[in-house]
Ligand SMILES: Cc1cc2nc3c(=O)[nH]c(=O)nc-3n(C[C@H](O)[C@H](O)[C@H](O)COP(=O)(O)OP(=O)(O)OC[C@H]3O[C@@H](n4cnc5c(N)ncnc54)[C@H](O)[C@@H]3O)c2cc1C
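Let's start with one chain on its own, the form predicted on its own, as structure tokens.
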């Protein structure tokens, strides 16, 4: 459906925003713009919404944003509210316990919500399908983009062949391997961790074996660290690979059972609902804007999942960008305001998200006993001091990062 169009230099330009990718970032972008009267076309490469289980933590300020968008209530109903999370040691048990309730004056949602990201995209797509100013296309893979002074062309691969769609702006939410970003020649510097990560899900209740286990718990160990995350009906485990292991070998029954028994030997094989192995990167695009094209979410930045900042940061990208796009669309600002999107969001990925997630990993895997003890003593003291605990939680929940971004002109 085309709501409006105009012709410049012999080309028809649809008066709408094009969005590549129907993950959380693309869906939040589409709903925010459409709810404010901007026509959108969203293109998803797969033939159904991806059932991505990796991201499952929604931080307090993200829930505030989703409430403003009118979708938080439905998401919360499908998740687990977690006001408390832990940092533990495999040998010594709980090192620090964090209560997000201390942020009750800083957010309307002083807790983490555990809900798989596909639940959010399903909620939003159910709304989008009934909106007259929204076009939603499956099996339309973005392969690149070109632009001129008047519009942007999104190039697609579809079951019927190649297709080009033209719009006023394009949001590239097409993931870490973004064809749009690569086609524009935007560098994506950073690093790839040498180990792979194994994620499994089981109905087994680990709280039977770990005393006072919170729904989110990071377990430090110099030889084998891991993470517990509870989602409705399941406990998820995140564990690192060993040298020489591959994605194929990690998900075999033998390796999965051996690794899960290393976490907790229950005397029988675990029944798993899903298992996946993936490479982990820390990368930030050299710029988030190229003319009429904007990178958001994993196409702009990717990090290890410790702390649950990747998806949340992507949603924060979307909300920030939409605020500026609405102002330009309504004639309240010029295109120059889009440069603030890059200035506000890129430093956050570099200075906050990357730093925080790398620090989280270092704390879990530290091998030097003296350094390990010192870090754990610092965490324990911080968690027991109300003022320091609040400051720590403002940082780890990404509230401070948003404040920092808002202060950048």
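All figures in this text were calculated on a predicted structure; none of them were measured in a lab. Residue numbers count along the first chain shown, from 1.
As for the form predicted together with this ligand, it is not shown, yet the points below apply to it.
Counting only heavy atoms and a 4.5 Å cut-off, does this ligand in the model of the complex sit next to every one of 60, 75 and 214?
-> Heavy-atom distance to this ligand in the model of the complex: none of the three under 4.5 Å.
Work out which of the listed stretches, 75 to 83, 251 to 259, 290 to 298, 181 to 189, brings a heavy atom within 4.5 angstroms of this ligand in the model of the complex.
-> One stretch meets the cut-off, namely 290 to 298.
Using a 4.5 Å heavy atom cut-off, state whether residue 309 contacts this ligand in the model of the complex.
-> Because a heavy atom of residue 309 falls inside 4.5 Å of this ligand in the model of the complex, the answer is yes.
Would residue 18 count as touching this ligand in the model of the complex under a 4.5 Å heavy atom rule?
-> Heavy-atom contact with this ligand at 4.5 Å: absent for residue 18.
Contact label in the model of the complex: residue 171 to this ligand, heavy atom within 4.5 Å = Residue 171 lies outside the contact set for this ligand.
So in the model of the complex, does any heavy atom of residue 193 sit within 4.5 Å of this ligand?
-> Taking the distances in the model of the complex, the answer for residue 193 is no, it never comes within 4.5 Å of this ligand.
Here the chain is shown alone; which of 67, 46, 351, 378 has a heavy atom within 4.5 Å of this ligand in the model of the complex?
-> Looking at 67, 46, 351, 378 one by one, just 46 meets the 4.5 Å heavy-atom criterion.
Note which of 321, 124, 134, 142 lies within 4.5 Å of this ligand in the model of the complex, where distance is taken over heavy atoms; exactly one does.
-> Only one listed residue qualifies here, and that residue is 142.
Going by heavy atoms, what in 221 to 244 lies within 4.5 angstroms of this ligand in the model of the complex?
-> Read in sequence order, the lone residue that approaches this ligand (within 4.5 Å, in the model of the complex) is 238.
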